[in-house]
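This document starts with one chain, in the form predicted on its own, laid out as structure tokens.
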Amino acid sequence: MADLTKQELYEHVGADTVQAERIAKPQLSYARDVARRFFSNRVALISIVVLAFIIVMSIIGPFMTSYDYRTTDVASVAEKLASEEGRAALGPNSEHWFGVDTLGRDLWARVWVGTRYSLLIGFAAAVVQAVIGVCVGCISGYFGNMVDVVIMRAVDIMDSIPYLIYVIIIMIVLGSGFMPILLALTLTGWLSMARLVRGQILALKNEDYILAARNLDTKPVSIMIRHLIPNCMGIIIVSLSMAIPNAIFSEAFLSFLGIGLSAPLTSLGQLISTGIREMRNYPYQLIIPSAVISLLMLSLQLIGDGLRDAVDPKLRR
């Protein structure tokens, strides 16, 4: 019996060949299994390439032209508007690759600078939301009892107030700008993350390894950092990947309403808002930033879907 190979041993005990091959396969860790399934998703990989291209262009795109995104040339635009050929020259051409707006500003530089600010706001807001949500959810789920009741009722009250009321109040008090809009996006954006993390903590805190850590007088903060949060990373990463496009869309919506970034800063939402006003005469001013934000949102959503499918244990093969 000791000299039998694995295959012969499995056949000896009655296991079929398929089962033997499955058992004989090298076991993968959870992280490697997630990475393997994620990178086998072709749609997610294409989305990563598209997102990487947009990020790179938001960094180097404004430097690829000699025109500054803030520089206006109203006199030149007024002169071109006097003739039909001049109006046609305002569109995309060899000098201005995306054309110019009605103030003579180069749209190539403005689109990529706007993409940069939209990405900065989206990623920063999502990270801040995740940090606050994870901390609040851990505390609420781990301690339970009155701590959980008080925190969750506070979350319910905050969630019951319409989102735009927070935003309008913040913009009136602090004015428009990068930090006010970041504060507006993170003020209530962490609520859903807190609920998700709390649910995971409630399911994990009675596991044997958590009870053993408690019996060894391990501090609650250490238990949360070393045991609970790492076991929630799957749902945290997926939620974070979904929060980024939501934050970008919220910023675009606020800028579209005119309460987003203030001049001379710009964003994709602000460019779309400007393009709608000139849609009949100069449709490229609307189409180009709309196409960029559509590709950005689509790639982020597909990456989030790929991560969700990869970390879901029900989808393992």
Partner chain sequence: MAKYIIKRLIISLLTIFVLCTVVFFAIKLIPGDPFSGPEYTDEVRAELNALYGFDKPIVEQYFVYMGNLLRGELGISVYYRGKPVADIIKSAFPQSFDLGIRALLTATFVGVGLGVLAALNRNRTLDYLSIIIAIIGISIPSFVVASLLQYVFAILFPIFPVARYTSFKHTILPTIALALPTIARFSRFMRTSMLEVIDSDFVKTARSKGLKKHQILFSHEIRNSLLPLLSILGPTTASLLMGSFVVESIFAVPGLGNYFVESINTQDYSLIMGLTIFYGIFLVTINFVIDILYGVVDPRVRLGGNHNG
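All values reported here derive from a predicted model rather than from experimental measurement. Positions refer to the first chain, counted from 1.
There is another form of this protein, the form predicted in complex with its partner chain, and it is not shown here; the text below is about that form.
Let me test this: is every residue among Phe63, Thr71 and Leu183 within 4.5 Å of its partner chain in the predicted complex, going by heavy atom positions? None of them does, since no heavy atom lies within 4.5 Å of the partner.
Taking heavy atoms only, is Ile46 within 4.5 angstroms of its partner chain in the predicted complex? No, Ile46 sits far enough from its partner chain in the predicted complex that none of its heavy atoms falls within 4.5 Å.
Proximity of Pro264 to its partner chain in the predicted complex, heavy atoms at 4.5 Å: Because no heavy atom of Pro264 falls inside 4.5 Å of its partner chain in the predicted complex, the answer is no.
Using a 4.5 Å heavy atom cut-off, state whether Tyr67 contacts its partner chain in the predicted complex. Contact check for Tyr67: no, nothing within 4.5 Å of its partner chain in the predicted complex.
Test of understanding: in the predicted complex, would Leu307 fall inside 4.5 Å of its partner chain by heavy atoms? Answer no; every heavy atom of Leu307 is more than 4.5 Å from its partner chain in the predicted complex.
Sort through Asn206, Asn215, Ser160, Asn145 and report the residue having a heavy atom within 4.5 Å of its partner chain in the predicted complex. Contact residue from the list: Ser160.
In the predicted complex, the residue from Ala35, Ile59, Leu257, Ala52 that sits within 4.5 Å of its partner chain by heavy atoms: The option sitting close enough to the partner is Leu257.
Stretch from 167 to 175, 110 to 118, 134 to 142, 207 to 215 whose residues place a heavy atom within 4.5 Å of its partner chain in the predicted complex: Stretch 167 to 175 is the one.
Pull the contact list for 286 to 300: residues with a heavy atom within 4.5 Å of its partner chain in the predicted complex, in sequence order. Read in sequence order, the residues that approach its partner chain (within 4.5 Å, in the predicted complex) are Leu286, Ile287, Ser290, Ile293, Ser294, Met297, Leu298.
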